[in-house]
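Let's start with one chain on its own, the form predicted alone, as structure tokens.
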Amino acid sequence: MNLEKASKPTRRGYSDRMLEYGSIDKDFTVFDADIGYSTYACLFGEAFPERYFNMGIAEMNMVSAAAGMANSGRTVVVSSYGVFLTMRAVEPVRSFICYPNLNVKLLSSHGGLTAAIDGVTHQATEDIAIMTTFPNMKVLCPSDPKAAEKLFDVSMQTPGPFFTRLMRDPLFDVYGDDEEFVLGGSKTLRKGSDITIAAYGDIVFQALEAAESLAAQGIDAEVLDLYSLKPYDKEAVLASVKKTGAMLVAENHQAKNGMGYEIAHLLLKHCPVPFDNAGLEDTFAESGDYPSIIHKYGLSAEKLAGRAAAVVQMKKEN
């Protein structure tokens, strides 16, 4: 698949659509933790200053205030880095937003190792495990700007709390204007018959490149973009795996308690096959450039191709 370089990161795509949506829905508000110029939430603030609240570097207070406003009937978008939303503010997200099932939408930027140069303090590599655990929370992770725009609409038009994981840097464009995205959906970006590779966010592109490398070795890989992580597309996963007979889940997250664990549980109950999941192996990463960091921690296309080939070999030996 030939991919075009993205002109903007998913955080900008999400915030561009949020700005447009401000003229459609004249009631929702945006709360920011003093990093609006990084998440691009500032664009909304410049256009609608009376509906934009910079709460300062106080994420717990920001989320608590957002819960209070949402409890009065207004939808609130909360903007910050993922590591702070899921660490500093985790108790009010759980108890004040998820428990009462309020309309608070979390704009979570710098997901996983996409915050590479900023180091461990800004790399949200446990966020999916935390947010998918909370009842009522829905979790999305777009891989390109167009998906981010469309999934913003999904979150705003679906009642209840949402966590949307966005990336720091522009990577590639894979979707056009005519693509449709639904809660609980997925996209099959490459059809194959030998192994299923499921990924989300930035690792979708590494999975696609790995599939091209595997093809040169005679291995036909199917690639799924799991843009909706909670709920996720169990039917598509099972249908693909029943066809290929093998699976690799690749995610920019701790391997423990990520989507790999979730899907392994699904397959163990319904369709046991040779399986592996690639992610951080119970370790923090480090500061560095993004391509080097994901390669070191086993998430580059080269590393994923090797893991996938090993799973296919397991299938042959069974």
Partner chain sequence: MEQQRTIQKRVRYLEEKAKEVRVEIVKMIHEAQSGHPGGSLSAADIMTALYFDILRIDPNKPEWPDRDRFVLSKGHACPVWYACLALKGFFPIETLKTLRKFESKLQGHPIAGKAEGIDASVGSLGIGFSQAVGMAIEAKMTRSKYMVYTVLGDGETNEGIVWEAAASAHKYHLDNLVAVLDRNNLQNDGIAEQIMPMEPLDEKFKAFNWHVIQINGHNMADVVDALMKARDYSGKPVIIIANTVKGKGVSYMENVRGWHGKPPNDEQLAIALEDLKGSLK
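As the structure is a computational prediction, the values presented were derived from the model and not from experiment. Positions refer to the first chain, counted from 1.
Unshown form predicted in complex with its partner chain; subsequent notes refer to it.
Annotation: in the model of the complex, residues Tyr21, Arg74 and Leu102 none come within 4.5 Å of its partner chain through any heavy atom. Only one of 263-271, 36-44, 248-256, 65-73 lies within 4.5 Å of its partner chain in the model of the complex by heavy atoms, and it is 36-44. At the 4.5 Å threshold, heavy atoms of Leu238 stay clear of its partner chain in the model of the complex, well away from it. Contact check for Thr283: every heavy atom lies farther than 4.5 Å from its partner chain in the model of the complex. Although the partner is absent from this view, Ile117 contacts its partner chain in the model of the complex, with a non-hydrogen atom inside 4.5 angstroms. Residue contact with its partner chain in the model of the complex: Lys234 places no heavy atom within 4.5 Å of it. When its partner chain is considered in the model of the complex, only one residue from Arg88, Arg94, Lys146, Lys138 comes within 4.5 Å through any heavy atom, namely Arg88.
The single residue of 154-183 lying near its partner chain in the model of the complex is Arg168, the criterion being any heavy atom within 4.5 Å.
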